[in-house]
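Let's start with one chain on its own, the form predicted alone, as structure tokens.
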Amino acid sequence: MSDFDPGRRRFLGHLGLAGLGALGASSFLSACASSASGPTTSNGSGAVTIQSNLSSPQAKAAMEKLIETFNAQGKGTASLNTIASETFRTQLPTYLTSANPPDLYTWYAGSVANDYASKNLLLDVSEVWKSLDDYPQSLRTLSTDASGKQIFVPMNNYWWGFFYRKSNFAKWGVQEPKTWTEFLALCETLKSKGVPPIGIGLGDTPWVASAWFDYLNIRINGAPFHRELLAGKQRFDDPKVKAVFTRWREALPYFDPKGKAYPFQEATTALLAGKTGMFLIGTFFADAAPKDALGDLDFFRFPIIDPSVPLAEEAPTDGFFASAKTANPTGTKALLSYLAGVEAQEAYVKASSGIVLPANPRAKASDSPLVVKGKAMLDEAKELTQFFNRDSSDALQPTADTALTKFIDKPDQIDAILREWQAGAEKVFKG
């Protein structure tokens, strides 16, 4: 269901796994877009209001279709308000703490949802989960807060990887790399052909850089260390973290120099136009790709650096949580039950790009080669992470944005950057 992000995933419902993640959701559009005619606040016993960050055209249209279908069933009414992702992300705490908040929100599972639940801001949806017996325990655990209540309903999972156009790789005479050494050789070959090897869009979505940090860290230091670091149990100025940037620096000469200035959607356009070779991104980016380009897309996993480190992948889970202040808890839970069902999740897959995996284990995912390959990659993983902010917090994400963009600009200052990052992180962890 992820429209853009954070990194930030529907497949985990089939895997029986607990730790999922990506910043998630929809940052493709920088302008605010509204759909349906509903207000942005709760309607008492009337229509349930949904605040959605799924703003790319296909994802937005898919959500509109789901709400239209729900309204036609006579089990309640709902209105959809679609907000640009970056606006949504920064305003979400304000939405939840306002006196009259929207009822329901698209967002993601993990530490962020648990943090809101700890502040008594989220509705207990355990009643909805009573009818979700076929969902794996992993997703139930992921949707449960520290007090044992379910506070989240998952919709889908997705994966991250290096995406590219098959026709361009064929034209350039290159193949997918498996190791870091092969990856750097691929980059050198593309650079020699006049193609910027690696696309990236940091203009108004600096969190995209976190995917590089996440993957390098789990490839070098492993997923358990990565989770401990993001939970404040390890230090960002640790030599193990510096080793991540030592490797990253090897790839910096191959980044598209324009990528630091232009926004994410232009990085996607550049990839599709063959102006860059590949792009480390989540499958949600395909929602902005023309349908006729989807068959030409392929991906490879982030290259192996140390074969002794258990294989981990980023695989975030998206879905919904509701405001504890909703004036219509019955209607909100009815809508959540619908969204958790086979019909809604299969409809979403069909209406969006289809390169996602439904959380409901009875719902069918696309049988496209890309989806089959993504599912197989996640099946092979020994560990699954979410995305930086999903495995930590939205409050910690800006410290990463600052540190990582500074590193890309001034890699020689890495020691000072890591000291500053640790100091900023300590302020977040101390609250």
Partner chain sequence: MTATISTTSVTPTRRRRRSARLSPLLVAFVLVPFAVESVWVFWPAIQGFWFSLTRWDGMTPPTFVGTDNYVELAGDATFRGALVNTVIWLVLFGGLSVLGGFGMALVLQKERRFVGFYRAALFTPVVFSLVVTALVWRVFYQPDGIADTLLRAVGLESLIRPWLADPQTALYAVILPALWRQIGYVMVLFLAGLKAIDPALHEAARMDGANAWQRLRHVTIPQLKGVNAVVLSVIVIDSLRSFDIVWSLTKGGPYHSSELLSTYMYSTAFQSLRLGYASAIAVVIFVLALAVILGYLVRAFREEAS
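Keep in mind that this is a model prediction, so the values were computed, not measured. Residue numbers count along the first chain shown, from 1.
Keep in mind the form predicted in complex with the partner chain is missing from the figure; the text below concerns it.
Interface residue remark: residue 93 is counted as part of the site for the partner chain in the predicted bound form, having a heavy atom within 4.5 Å.
Although the partner is absent here, residue 395 is a contact residue: one of its heavy atoms lies within 4.5 angstroms of the partner chain in the predicted bound form. The closest non-hydrogen atom of residue 216 lies beyond 4.5 Å of the partner chain in the predicted bound form. The closest non-hydrogen atom of residue 409 lies within 4.5 Å of the partner chain in the predicted bound form. Residues within 4.5 angstroms of the partner chain in the predicted bound form, judged by any non-hydrogen atom, belong to 117 to 125 and to none of the other stretches in 308 to 316, 162 to 170, 182 to 190, 117 to 125. Residue-level contacts in the predicted bound form: of 250, 343, 204, 228, one residue has a heavy atom within 4.5 Å of the partner chain, and it is 204. Put simply, of 299, 254, 135, 262 only one has a heavy atom within 4.5 Å of the partner chain in the predicted bound form, and it is 262.
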